[in-house]
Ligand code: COI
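The data below hold one chain only, encoded as structure tokens and taken in the form predicted alone.
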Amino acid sequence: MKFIKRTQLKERPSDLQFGKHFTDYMFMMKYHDGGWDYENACIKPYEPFVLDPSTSVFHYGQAVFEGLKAYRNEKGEVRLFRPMDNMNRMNESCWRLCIPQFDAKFVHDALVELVKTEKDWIPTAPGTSLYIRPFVIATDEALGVHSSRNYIMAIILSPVGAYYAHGFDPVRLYVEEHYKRACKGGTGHHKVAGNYAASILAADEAEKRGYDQTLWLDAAENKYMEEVGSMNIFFVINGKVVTPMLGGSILPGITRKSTIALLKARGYDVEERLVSVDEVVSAAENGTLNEIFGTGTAAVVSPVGGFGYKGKDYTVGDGKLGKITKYVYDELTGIQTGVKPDEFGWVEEII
């Protein structure tokens, strides 16, 4: 793998907004002539792409991505959380969009080298991290609905501040009845750019109604809870932790998987099954809906204080941060940063 140095480095930003600032270097690799060009893959200065107006990704949407974080703790350790899971999931997303799969270990190692190169960009204040965005786009310079013969893979890095800049406050969700994010047999099970484009209209309308995010229902029957725009969802009903089961339309979140494993290891009763909106509404009405929380890379864990459905608002528990929600957040962030022991082998310490 090659390394190209830049002559002038950027100034470090003081205001760490999510996805607003990017580091000095990026990783880039191309696919052409029937294979990924590992020999000429490189870490190079962060710079714009120059793409022809006919470039395939603009017209037919062959694009996948991932998201993970690097953490630096008080000891100076730089830690990644389950990075090979992200590599493997991106390969699955590539398969679904007919993008050639790649050597996951090679890209993992390139990611590690990139983070090491940019270690000084990793913030150290509580709750901060270096966000890592790998992605692949189709780059054929021609129109036509077919899989591309050329691709670019890149990894860019962005230092981010604490997700909860104003405190660990519960969010409000809007249960979307009309629009659909994904269906079984579609691309909802994969981290495909088009899934997020399909969610924007509903998210905007939810925000106009005074809610923070959209909670999606299934496309077939419009009755089962699926996931939130940027998170998987968990319900605590009468003391039992319940989350919608994977079935082809829900993203298999890495934080979701970690949460389930953590809670089961700690003796909690956890179920993966169909969860109807009527069940959740009934639990909210009879007082057995103790907590709701979302899980995802950006927030790790996000408490939910209430939701709206069919023109009515429902409060979750007492509307405040729940005990299990806080426990999961404290445990996962503790493992990620090294405050708590990693009994599961999830963390990769790279420096």
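Note that residue numbering begins at 1 and tracks the sequence as displayed. A quick note: this is a predicted structure, and the numbers were derived from the prediction, not measured.
This next part talks about the form predicted together with this ligand, which is not shown.
*asked:* Within 4.5 Å of this ligand in the model of the complex - does that hold for a heavy atom of every one of K191, Y196 and G296?
replied: Each of the three qualifies.
*When this ligand is placed as it is in the model of the complex, which of 276-284, 215-223, 236-244, 126-134 ends up with heavy atoms within 4.5 Å of it?*
One stretch meets the cut-off, namely 126-134.
_Exactly one residue in S230, N88, N73, N150 has a non-hydrogen atom within 4.5 Å of this ligand in the model of the complex; which is it?_
In short, S230.
*Would you kindly say which of Y60, Y46, Y314, F65 lies with a heavy atom within 4.5 Å of this ligand in the model of the complex?*
Among Y60, Y46, Y314, F65, a heavy atom within 4.5 Å of this ligand in the model of the complex occurs only for F65.
*Even though this ligand is not shown here, does Y163 get within 4.5 Å of it in the model of the complex, heavy atoms only?*
Result yes; Y163 sits at the interface with this ligand in the model of the complex.
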